[in-house]
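Next comes just one chain, in structure tokens: the form predicted alone.
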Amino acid sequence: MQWAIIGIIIFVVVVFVALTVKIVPQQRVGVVERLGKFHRLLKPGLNVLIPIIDQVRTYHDLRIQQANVPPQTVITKDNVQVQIDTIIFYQVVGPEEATYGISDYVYGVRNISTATMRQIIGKLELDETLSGREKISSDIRLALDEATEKWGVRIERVEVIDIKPPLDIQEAMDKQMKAERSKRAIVLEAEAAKQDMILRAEGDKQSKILKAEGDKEARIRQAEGLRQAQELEALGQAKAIQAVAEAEKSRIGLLSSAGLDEKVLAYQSFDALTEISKGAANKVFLPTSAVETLGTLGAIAEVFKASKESK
């Protein structure tokens, strides 16, 4: 009997401690109600409550969480049914609002996401839907932000995972894609051939231009060389004439300094003619100036006389 009483006391103590002491992990928070009314929040760490009077209504995880939205079939503006998978990342920022603002905020987020998605896709055609994932995600997030602000939930990100058009549309899109790729390949080949022809023509043009410029440069240099050679030759001839003139001038100067005037030179010339006249020629023509000179000297008769005697 005594042991039973001790056991009951220990049980009561354990229950009392369990109802009084609450340990909350990091990034979690508890909502405490006192007599059925919100009282306070339990912060991470050790918390003490008044048993029976205080009760923990719920705990919230304050980390960013994700909620998968089941695949939804929606109709585009051009009446094509597509199936869209989305995922939503959210965070509880107001534990009190998340507890009392809505009964299940995850369910509410999914429903609002689905309704918003139908509205957005209904305004877009199929091609816009397939290429507008980023816009669709942004529009859904803005709509969720407006609705969840009162729920103490903040939408961090909305991602459209997949957009699946009907099978026949997919086959048509595959054929269109193959046709587009074939078209681009043909266009690229034609463009490459065009570029090849242009580059070859440019290369041929540049080659001809360079060859013409080379021939022109060669002809210019040849003409320049010929001109310089002619100038040098003329310069050489002028210097030679100048040297001969200088030599003649010097010779005349020397003769003049030696006292050899014109009469003496005429006599010497006549003496040379005398030697010539001793040859086979029987006639000698004398310059008039020489005759006058020798006549004044009275020597010409003696010269001819001596010549006849020698014969």
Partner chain sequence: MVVWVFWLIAAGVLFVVEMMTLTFYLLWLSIGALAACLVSLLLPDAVLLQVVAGSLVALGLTVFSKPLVARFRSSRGFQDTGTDIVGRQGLVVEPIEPGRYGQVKVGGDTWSATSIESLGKDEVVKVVGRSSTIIEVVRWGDMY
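Numbering follows the first chain given and starts at 1. Each form is matched to the other, and the largest set of C-alpha atoms that superpose within 1.5 Å is called the rigid core. The structure presented is a predicted model; accordingly, all values stated were derived computationally and were not measured.
Absent from the display: the form predicted in complex with its partner chain. The rest refers to it.
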Among 106-114, 207-215, 67-75, 133-141, the stretch whose residues bring a heavy atom within 4.5 Å of its partner chain in the predicted complex is 133-141
Picking from Ser250, Thr58, Gln26, Gln242, the single residue whose non-hydrogen atoms come within 4.5 angstroms of its partner chain in the predicted complex is Gln26
With the partner omitted here, the residue among Ile84, Ile121, Val153, Val158 that in the predicted complex has a heavy atom within 4.5 Å of its partner chain is Val153
| query | Quick one: does Thr148 come within 4.5 Å of its partner chain in the predicted complex, counting heavy atoms only? | reply | yes
Might Gln91 be said to contact its partner chain in the predicted complex, defining contact as any heavy atom within 4.5 Å? yes
Quiz prompt | Contact flag, Val48 vs its partner chain in the predicted complex, heavy atom cut 4.5 Å | solution = yes
| task | Consider Glu128 of the chain shown here, and say whether it contacts its partner chain in the predicted complex, taking contact as heavy atoms within 4.5 Å. | result | no
For this chain shown on its own, do Ile10, Val21 and Glu97 all sit within 4.5 Å of its partner chain in the predicted complex, going by heavy atoms?
-> yes
Does the C-alpha of Ala18 move 2 Å or more between this form and the one not shown once the rigid core is lined up?
no
